[in-house]
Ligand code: ATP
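Quick setup: one chain, the form predicted on its own, written in structure tokens, and binding and motion questions come after.
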């Protein structure tokens, strides 16, 4: 772990906050994630300031000094100020109590220690003093710096209280353990906290789906998402949140033959996507990672044992694609082009690999390009990530075959321009040419032309398409009016 030992509060904005707080006669502290990330050596431009007094008043006074603009959130008693690329959020120190049916707390004014006690984890409860007499001193009543050094996620209060009061903290614990872990310095959730999650897992019912998905997204965007989903599974949260993924667990054996453990395979594929994006210098693609997470969800429904052959999962990609909208709807995720993108990749994820098992014909490549469109590169990345065999020879063979498909994709695209295919023959043109109203003949002619282009019978251009369309139209009894 990289540890910073100096320069925590070098930015002049901290001195300004200190001066203004002193002039107002209030005590102010930097608290939470910024303090944690200082010790981890991680950049963080989101700064939380807790005040033993009015956070809104302090924010307003700081804004006057810096000529900044304050955004006030009265319902939450907070105020936000942007200053030279940093975002400062001010809040008054408070203590909280909860009703069992809600994660919305009853808030009262409190001291710094009471505010630290209500924080989710010890590593997020540390504070730097901004008082003149001890400027920069670490205020750490719960041993957060020790837990940070040892890679421990622990709650300041009894974990049953913490997780029952706000069950979202169970997912946050998993997210922090996943995000903060580095090679050589993993973060673990203490056993008593894991046990508490198992006891309190039904408390997830009071959370909105949107807040749950927000945490899932953050876990998926880490460098090794599998850790988070394994922790969710270990604590019993996964079967409540994503039962379709949980059903991938386990291996069934018949006549001494077992199939691949699809849950572990799926998590490896998600990690492979994350690794490939990092290796290629790509920004993490959240929706590609969702596609990786869901790419095999159709396997439990398609699983069959064939005597003499073994286990098959024929059609699981089709079943999985049909399941995607329901999963998105259940989680209240967007049912727009993002969902359609995930659905498309789940439905197509076997196509490039199927091509290498047969003759890689131009027509098959055209159809793949036609179906994938601009998402073909993401599909190929997913297909490579889907190779998780422990047999090096098999892996090398499949990767070599996928490279062949990649080359064919480039060749066919350069020659035929099929990606984002637009039919040279439009319905309007057909109606005008033959003087006919909308009807089934138009669809027949357009489909005939499209199939001919994809099969390579004609080029992807208007002249050849028009000639072929006129010939087929004559067979249907259509005569040009011009």
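On a predicted model such as this, the values are computed, not experimentally measured, just so you know. Residue numbers count along the first chain shown, from 1.
Keep in mind that the form predicted together with this ligand is missing from the display, and what follows is about it.
Only one of 64, 420, 426, 44 comes within 4.5 Å of this ligand in the model of the complex through a heavy atom, and that residue is 44. Of the candidates 179, 86, 367, 265, 179 is the one whose heavy atoms come within 4.5 Å of this ligand in the model of the complex; the others do not.
You can rule out all but one of 64-72, 442-450, 428-436, 25-33: in the model of the complex, only 25-33 has residues with a heavy atom within 4.5 Å of this ligand. Residues 48, 119 and 175 are all found to lie within 4.5 Å of this ligand in the model of the complex, as judged by heavy atom distances. In the model of the complex, this ligand lies farther than 4.5 Å from every heavy atom of residue 349. Contact check for residue 386: every heavy atom lies farther than 4.5 Å from this ligand in the model of the complex. Although the partner is absent here, residue 316 sits far enough away that none of its heavy atoms falls within 4.5 Å of this ligand in the model of the complex. Proximity of residue 169 to this ligand in the model of the complex: non-hydrogen atoms within 4.5 Å are present.
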